[in-house]
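Only one chain comes next, encoded as structure tokens, the form predicted on its own.
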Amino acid sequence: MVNLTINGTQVAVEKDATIYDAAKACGIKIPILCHDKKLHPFGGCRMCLVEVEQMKGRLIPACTTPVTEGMIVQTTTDEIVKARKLVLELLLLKHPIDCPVCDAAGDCDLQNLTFEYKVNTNRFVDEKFNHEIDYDNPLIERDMNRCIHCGKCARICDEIVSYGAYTFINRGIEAKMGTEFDGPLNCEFCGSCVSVCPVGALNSRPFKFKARWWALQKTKSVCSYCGTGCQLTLGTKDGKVLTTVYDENQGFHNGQLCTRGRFGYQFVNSAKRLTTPLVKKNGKLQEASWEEALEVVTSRLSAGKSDPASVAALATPRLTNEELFLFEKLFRGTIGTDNIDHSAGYAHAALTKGAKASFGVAASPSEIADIQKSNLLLVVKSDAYETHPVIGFEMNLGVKRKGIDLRIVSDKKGKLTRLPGAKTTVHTPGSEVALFNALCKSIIDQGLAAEGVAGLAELKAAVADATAEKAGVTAEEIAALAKDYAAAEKALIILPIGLGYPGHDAALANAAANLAILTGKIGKEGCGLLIMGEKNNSQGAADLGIYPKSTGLSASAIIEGCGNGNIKTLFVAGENPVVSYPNRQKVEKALENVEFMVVADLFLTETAQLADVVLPACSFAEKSGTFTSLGRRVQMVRKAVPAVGLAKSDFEILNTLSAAIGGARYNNQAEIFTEIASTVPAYQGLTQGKLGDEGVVLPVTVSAKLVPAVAKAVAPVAGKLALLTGSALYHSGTMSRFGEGPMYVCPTAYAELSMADAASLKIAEGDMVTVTSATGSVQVAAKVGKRVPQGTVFAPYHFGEGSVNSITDGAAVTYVTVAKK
């Protein structure tokens, strides 16, 4: 520790602290404009000038000067105040001072400091900047006339997002923050630059002229898109969510959000929201009262109690833990059916079957904090950045700041593969299990297995015929990767799962777990396997048993049952199987055939349009409860706005139905959390009050076990391309289609081809193409690039128009032809 004195106050701080850090630690405020705790110190604005006695009273920047033993610092002498006023005068010299029409007014550091230091005149005169304002993209407005050259936008885009969209161009008085060739901003639109801009140079266009900052009510909650569990603050006014508010102290991610979290909130206020129940009459859905709609549903569910095998229920893992618990209790407990499931039955199998078999618990043995504590990250599929972008930020930081080695095994390249030192092993489509089996065999053959691993002989026999060739890579690549992984003191495997990744199943989780167990990289910080559930509460759905446990039907079997008449009543809470489950034609036909279907959702989705009763449900912003993110963190979701129209929360809907058919009734959702804490072992002893703002990471007891995984051979088909499905960076599931932000930058379905295949097929970027499989065909726009290897084509699964599930049937790889329309 280093001891120093600031304004007469003694303080002891870590030896790598700066004067700014030390002052902050003892509650002394030093003004800053270019500093952000997540970024490297910059020292550009000079507002943080302080006086150090040992430096002969010279004014130095506090944010870049390290502390030394015995240092005596003054932060507010007359000379310092005079210097800061001078800095502000110079910053305001060319600034337009257009606060009345600037969206940052009230949230502008320059405005606040000008007020605080009473700079009401300027001794200098010069022409104002007259830069052209960039309105060319729909999410971020760039007005460089207001820029103060703090460089935060460029630094956060480089250091954390690792995109590098900004840079300083020109010099001296002509210097400005520019983009590539000084053109319009063209990036991944995460908005990190907007969040740290201390003035109004970078603004959120969806929020422009919506409200003043001081008029916003702020509610802390958790993002409802992917499973990362990013905390966010919703800015609301007049009952509407108008923006997300940046808070650098919020969550493990220090307020960082991806484009979905920052700009995808508009679905809450969408004009497409369901506002009243609908009941099918004479073949058409017509508006009805809640009493009428619930009476129809209650009657049907009550009848189902006498034949529970004919009743099935599907739930989205976007519901809160409390709602999922009540869902399970209603259908499995009160009605008596085990036919309940979520995520098509396969997108949770890596947790509910894979992790359960390998670790004895349906959860990851690792948590998000392990990423930064590891020495080597082994990422399965480059898509991990697209599925969980803020986890991608964590990987960026680990690689660039801490020198963590990054290894990627993937069927295509991506953003992660471009990080410094990253090595990507590109394998043939659908061969992930074969690749991990080959790695395990190489570990054993090279004598790199940990001593005393139980079940080694059985695993050795199981992988005896594993070869690198089966994964389409060389033996040298496998041997080198195995050696690097085994040599790392700490190594973490990262595995994204989801509806777009049917091959990321229980077998792959077992195969990946085998590698970690085999090398002793389990049960230690920075080690293990982090399985990244797709939706915001995927882990909660696994914890609360939203899947068949005994003789019940899986989601795919439920769809089959609807088609063959065995399932007569289907309750769907938030899922949209028509677009997100494999084989759209089969799903539609089955749902059209089922005798009675009720859908509770925010929107009249493709699935809801086929229902007999549609119940308008609340979004995450209109209710309270808890989500459990990947890495097992339980966090509070807080109601920020009233329900839209007559919508009710899923808790209210399920609670009413439960009571009506003789099940439990709760006074509020908090009562259910109390019951969860008393009946679900991992949640034992928790209360919502204990969760606070940070949440609680659930404990996990791992009983590691080698579980041989069978690699299914995927034979290529001559003359056809291997279709890979997955996530686009801007979307999560099918709900993001109703967020304006994601749809501004990625509005339609597409098929991504390699340059070589595009050239041979005479297809150019933007051409409409027909993609045909044995299941069907679909027409989408072509995207051409270097990311996808020759012989493969990638398509995201989020879209209703041109939906890729029209040509897939649940296989890890689908062989297709592609032709220009």
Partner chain sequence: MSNAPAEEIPAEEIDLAEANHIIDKYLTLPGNLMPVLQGIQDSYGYVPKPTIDLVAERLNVYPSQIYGVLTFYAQFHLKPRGRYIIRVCVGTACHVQGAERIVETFFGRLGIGHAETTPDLRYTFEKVACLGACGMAPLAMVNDDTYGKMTVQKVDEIVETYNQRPMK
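Numbering follows the first chain given and starts at 1. Just so you know, these numbers come straight off a predicted model, no measurement behind them.
Separately, the form predicted in complex with the partner chain exists; it is not shown, and the next lines address it.
- Contact with the partner chain in the predicted bound form, defined as a heavy atom within 4.5 Å, holds for exactly one of Tyr163, Phe129, Tyr744, Phe738, namely Tyr163.
- Just one of Phe115, Phe168, Phe124, Phe209 comes within 4.5 Å of the partner chain in the predicted bound form, counting any heavy atom, and that one is Phe168.
- Among residues of the shown chain, Asp158 is one whose heavy atoms approach the partner chain to within 4.5 Å in the predicted bound form.
- For the chain shown alone, Arg418 is a contact residue for the partner chain in the predicted bound form, at least one non-hydrogen atom being within 4.5 angstroms.
- The partner chain is not drawn, but in the predicted bound form it has no heavy atom within 4.5 Å of Glu79.
- Under a 4.5 angstroms non-hydrogen atom cutoff, the partner chain in the predicted bound form lacks Lys37 among its neighbouring residues.
- Residues with any non-hydrogen atom within 4.5 angstroms of the partner chain in the predicted bound form fall in just one of 703-711, 139-147, 359-367, 178-186: 178-186.
- The candidate spot formed by Arg205, Lys402 and Glu694 lies out of contact with the partner chain in the predicted bound form, as no residue has a heavy atom within 4.5 Å of it.
- Interface residues of 802-818, taken as those with a heavy atom within 4.5 Å of the partner chain in the predicted bound form (partner not displayed), are absent.
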